[in-house]
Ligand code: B16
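The chain below stands alone and is given as C-alpha cells, in the form predicted on its own.
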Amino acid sequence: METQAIIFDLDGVIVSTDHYHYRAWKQIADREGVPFDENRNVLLRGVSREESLEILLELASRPYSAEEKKKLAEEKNEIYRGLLTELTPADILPGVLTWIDRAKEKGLRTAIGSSSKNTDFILERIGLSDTFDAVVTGADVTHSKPAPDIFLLAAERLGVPAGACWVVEDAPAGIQAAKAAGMKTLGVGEFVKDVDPDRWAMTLGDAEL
C-alpha cells in the first residue's frame, strides 16, 4: 500500500528526554532505596509511567500498595515536568525538521504517537505544537505500547489506513506496537538496531524519507 502518513514517536525521535526521565526516576529510586542505574533505565523506554514504575519497583525490598504507587508516579511526573522546563527548540534531534518538511512536501500526513502524557507540554517547549496533523498520547488510550492502540488511533485521526503508515520509533516496545498495528517501521537509534524494523538508522538525519 502506498505510504500516506508518517507517525513519529516523541521521546528519542523528535527530542531526547531520556536523561530527564532518568534523573526523575533516580530521585524516586534513591529515596525509596531501590537499585536503579542507566542500564536499568533502558527498560523503561517507550512504556507508560505506570508500567515504568512497576519495572522500577521489581527490585524493591517491600511491596507497594496501589495508593503508594499512584503517589510515586505523581511525584515522578512533578519532578520530570520541572526538568522539562529546560527544553528549548535547540533540543530537537538532528534530521527531524528536514523529515517533517519533506513529508509535507510529498503530501504525507504527519502525527505524533507517544506514550508520554506530557507530550503536549514537550511539543510546546520545543515549538512544535502546531506542526503535526494529529497528536496521540498515553492519555488518549487505555493500553500503552507495545499494544498498538496509540498508532491505530493516530491513523484514525489522520484518516489514513493503518497499512499506509510508517512509524518512526526508537524503542522496542514502539516497534512491536507499530508492527501489531500493521504498519511499517523505521527504527532509530542503538536500542532498536537488532529488533528487526523494516528500516534502521542511527538518527533521522541518517535516514532517507
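Position 1 is the first residue in the sequence shown; the rest follow in order. Just so it is clear, the structure is predicted and the values come from calculations on it, not from any experiment.
Although it is not shown, the form predicted together with the ligand is what the next lines describe.
The stretch among 157 to 165, 175 to 183, 60 to 68, 38 to 46 whose residues place heavy atoms within 4.5 Å of the ligand in the model of the complex is 38 to 46. The ligand in the model of the complex comes within 4.5 Å of no heavy atom belonging to Thr110.
Remark: Thr88 does not count among the residues lining the ligand in the model of the complex, judged by a heavy atom distance of 4.5 Å or less. Contact annotation for Leu10: at least one heavy atom lies within 4.5 Å of the ligand in the model of the complex.
The ligand in the model of the complex comes within 4.5 Å of no heavy atom belonging to Lys104.
In the model of the complex, Lys76, Asn77, Tyr80 are the residues of 71 to 100 with at least one heavy atom within 4.5 Å of the ligand, listed from first to last.
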